[in-house]
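Here's a solo chain for you in structure tokens, the form predicted alone.
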């Protein structure tokens, strides 16, 4: 199987780390509540210690390791007749999207992506939605126009 050539921006790792950290704040609240009740009602103290260790492992994996692995696996290619995306850490997924199936393309940028000058390209087909996350702003905008041009060319072929 041929490896796809294009990668998403390396700044995606920072954005995903911030996103994971913010999500962990909610988990920290849950860990804290459970620990408080165990401590307050003389529950086994080793459970509190175990929860703290689990939280630190969760923090390390989801903030430090996972975003980097996710970035290393994300690849895509856009050709005249189709585009292909490949992603996934535990299970790798490779999807071929024919240009003849593309209905429209969105350029999306939330506040965190905007701060890092990144954007996502979302491709809509009749059956599903595909996203190429965290591209450089200019590259995302260019990709939207390229896909749109390929879709127009493909429409003339029908």
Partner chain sequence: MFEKKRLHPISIFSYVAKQWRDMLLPLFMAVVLKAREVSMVWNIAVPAVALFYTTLAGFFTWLRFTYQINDEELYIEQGIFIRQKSSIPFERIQGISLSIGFFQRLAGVVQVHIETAGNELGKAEAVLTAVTKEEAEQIAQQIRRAKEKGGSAEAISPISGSELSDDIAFSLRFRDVFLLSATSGGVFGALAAISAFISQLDDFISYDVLYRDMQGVIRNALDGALALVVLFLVAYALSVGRHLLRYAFFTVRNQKETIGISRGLFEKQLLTVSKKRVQGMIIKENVIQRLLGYVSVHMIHAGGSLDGGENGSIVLCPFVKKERAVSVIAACFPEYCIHQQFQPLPQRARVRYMLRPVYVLAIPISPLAYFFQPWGIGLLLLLPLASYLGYKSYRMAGWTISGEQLALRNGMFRIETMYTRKYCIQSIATSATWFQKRKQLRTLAVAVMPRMFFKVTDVDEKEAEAVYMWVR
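Fair warning: this is a prediction, and the values are worked out from it, not measured in the lab. Numbering follows the first chain given and starts at 1.
If you look for the form predicted together with its partner chain, you will not find it shown, but the lines that follow are about it.
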{"item": "Its partner chain: the contacting residue among 45, 92, 115, 104 in the predicted complex [heavy atom, 4.5 Å]", "value": "92"}
{"item": "Residue stretch of 63-71, 106-114, 126-134, 49-57 approaching its partner chain in the predicted complex, non-hydrogen atom distance within 4.5 Å", "value": "126-134"}
{"item": "Interface membership of residue 98, its partner chain in the predicted complex, 4.5 Å heavy atom rule", "value": "yes"}
